[in-house]
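Read on for two forms of one protein chain; each stands alone as structure tokens, with the labels structure 1 and structure 2.
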Structure 1
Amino acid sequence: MMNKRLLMISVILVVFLSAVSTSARDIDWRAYKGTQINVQLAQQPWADFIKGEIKEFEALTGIRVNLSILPEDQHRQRLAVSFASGRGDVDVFASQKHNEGVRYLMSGWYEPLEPFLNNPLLTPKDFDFEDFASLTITDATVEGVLVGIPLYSEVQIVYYNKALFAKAGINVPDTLEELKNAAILLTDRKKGVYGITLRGRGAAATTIFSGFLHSMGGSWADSDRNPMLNTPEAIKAFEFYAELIQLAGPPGSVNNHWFQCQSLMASGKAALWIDSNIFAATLLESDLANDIGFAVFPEGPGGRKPAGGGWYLSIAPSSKKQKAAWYFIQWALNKENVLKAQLNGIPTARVSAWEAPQFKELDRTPELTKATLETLQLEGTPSWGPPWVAVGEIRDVIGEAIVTAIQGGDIRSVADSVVERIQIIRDNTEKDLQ
């Protein structure tokens, strides 16, 4: 009798212990060896970083990664065309809520990630999803569905050239007014030095415009998503953005995307640049690395409202290799790799990376860290992009208005026609897409 009970207890104990050891044990990394997955990313510092690490993933899992890195515009177009055509040739892809979010979700182009995340056979325990900053998780959640694992703690910040500021003997601007004055003061057209470089290329410029719009007290839309781009605040923002470029920007600004701005910054031809913080890493490799400073977005009449919202990695529902695809995502964004990226100057999404003693010690850009963290503390960060479903077309329309403003066109009438046009696009698209 006694013996039997003992046996039972020991059986229970064994079962219990083995269960514990399973959950503690690592997942089977070789489960999908021999699979080949296609990963499509936009050209950014993180993409360059992960390109160098992929060999390790292939060795660990035996999964072959076919990495395709395209410039942002081409990346977006190819993704949309690829999904619209239903060809299952993209397994993992990077996208951004304000651009792809709602439309992709409605079209069924995002695979919900919760099931993968919660499956102990696919996700090792030390992946620790809680470690991702809550703001970044919000960025990767569309209408309550977790559609991606965040890559960045991405916010709009100020890049500036310390040497040029020191020479002119002025401080880093803290208000929009100061920003304008500094930019004008630092412009020396004869020497080919410009006070500020900002994106001017239509749709791409809307992203950077967002921070200016909201700091002027404006907004993309009201709570019913009616466009608010012809309010006095919005018009002031258009004027301000255009004036900055007219008075202190380089020639050809209306065609500049972030990479042109970045190269102007890297060659010392621009004193200020306002853009996303994720592009810092490339500048750290330039000759001027030590001259580049970082600051929080300046305050305007409507407060300090730099835009934010980061890229994330998702799985395509049309993919036939979703589990292997998930392996790639959870490996690429595990604690170790994220820390490595963080040490390379990339503002990642994991709290542990920001707080790692290693990072605090080796941080090459404490100023960038400070500016990013301070920005993240701000309340009510606006989105990079307008909130409508047909965001691609609407971004083009708003971008055209920015170009017109830079060219010195009549901003008021342009703004009115933008609002009118957005209403038409909404009428024609939102019904069907929703």
Structure 2
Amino acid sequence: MMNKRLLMISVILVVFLSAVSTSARDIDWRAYKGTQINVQLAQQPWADFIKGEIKEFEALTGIRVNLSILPEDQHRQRLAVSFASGRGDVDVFASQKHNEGVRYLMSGWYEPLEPFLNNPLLTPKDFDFEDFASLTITDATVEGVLVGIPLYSEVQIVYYNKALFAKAGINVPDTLEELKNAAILLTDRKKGVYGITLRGRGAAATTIFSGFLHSMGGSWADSDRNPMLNTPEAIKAFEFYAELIQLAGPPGSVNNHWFQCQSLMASGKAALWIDSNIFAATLLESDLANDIGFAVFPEGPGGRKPAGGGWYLSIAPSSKKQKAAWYFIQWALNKENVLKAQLNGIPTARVSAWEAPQFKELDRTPELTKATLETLQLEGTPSWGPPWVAVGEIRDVIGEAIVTAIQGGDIRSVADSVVERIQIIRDNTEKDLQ
């Protein structure tokens, strides 16, 4: 009798725990069996990774995935044509805030994702949205609307030459003022060694300037997206960026993109470089690999606000299969798949992937990991690019101002001109989207 009672209690306990487990983790993965969804991605490492995993999703859900992976320009062109026509032939797609964000949102080309995320019938608790790093969620949020789930992390960090710093007996800078002082001290023009190298080539420089602008307390725009590039904080950022290059940068910096900066760093001709963490791999294959160090972006009067961003997955409003599309997104970016991607060399957006023992065992650059992870968890960080529809044209305008500043021009008058020109561009490109 006792054994029967114990057996019954055990069965009840198992059923109870199973029910708790199911309610906490599971959804009906077969709810949309037989559905076919169209997923369009830009050609990049994560797309190649997920392509090899899709059969698992199809087996789990019974949903068939028609995957298209296109070169970036072709990807963007095809999306624009599809969405403008409203033909509904794309269900899931990849985009970037600093390229598409505001334009797609204002055009009605993003389906808000919070209703999906907050629905327990569509999203299991163990999806753990809070596991995504703060910076990546900020980047996937446009004008307060969550429009995507982040694929990977790309952040602004400091590269430094350990040997040059050790020889000078100075610490890695933690503030912008310390950055300037270190860069000046480490400059030896007779030996062809420069304290810092930064992008100076027009529009390309705006990407890196973003971190300086916001850390100085400035901003691209106010809450109504009116440009704020002639405020005292913005003027100070222009001046600071220009002074760094004038006092400690190589000649011809206005012609330098990331490639030229990377080459200077890899050859030992630059003591500091500030740019994206994705360029670390090439430096770590150079002859100076053992001398390359990594650190978080310096703190300024406005805080520590390095720029960042990356691709994210979104759902098209024109899709007739949005719930099946959401199943794909949350499966593709669950903890297991994100960790697999991380182990395949992709810098992902989940904190747990960076902290996983499997990743740490394989990690050859813990200093880079530390700098990246600390940056990912910062609050209030900006996007690489300005928040306007005609982002490419406006980047050109801001880039001209950066070049003028580097060349010693009148920054205040140029900044006023930048604001006026941006407003004109906005009037021409956004008036029908308000």
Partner chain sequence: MSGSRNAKQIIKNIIFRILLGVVLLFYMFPLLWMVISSFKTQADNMSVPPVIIFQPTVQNYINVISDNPFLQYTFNSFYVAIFATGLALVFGLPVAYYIARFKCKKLAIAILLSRMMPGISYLVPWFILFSRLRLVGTYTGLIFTHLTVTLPLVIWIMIGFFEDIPKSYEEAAFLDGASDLTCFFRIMLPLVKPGLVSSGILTFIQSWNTFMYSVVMANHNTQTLPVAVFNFLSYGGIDWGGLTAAATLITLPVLVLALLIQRHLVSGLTFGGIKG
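Residue numbering: sequential along structure 1, first residue numbered 1. So that the term is clear: the rigid core is the largest set of C-alpha atoms that superpose within 1.5 Å between two forms. Because the structure is predicted, anything quoted here is derived from the model rather than measured.
Practice prompt. Tell me which of the two, 1 or 2, is the form predicted alone.
Written response: The form predicted alone is shown as structure 2.
Discussion item. Is residue 68 on the same rigid part as residue 269, between the two structures? Assign each C-alpha by whichever superposition fits it better.
Written reply: In the two-part motion between the two structures, residue 269 and residue 68 are assigned to different rigid parts.
Worksheet item: Rounded to the nearest whole degree, what rotation separates the positions of the smaller rigid part between the two structures?
Response: Smaller part versus larger part, rotated 40 degrees.
Worksheet entry | Backbone CA shift between the two structures, residue 355, after core fitting (angstrom) | Reported C-alpha shift between the two structures: 3.8 Å at residue 355.
Worksheet entry | Per-residue C-alpha deviation between the two structures [residue 85; rigid core superposition; Å] | That residue's C-alpha sits 14.4 Å away in the other form.
Discussion item. Can you give me the Cα shift for residue 149 between the two structures? Core-superposed, in angstrom, one decimal please.
Written reply: Its C-alpha position differs by 8.0 Å.
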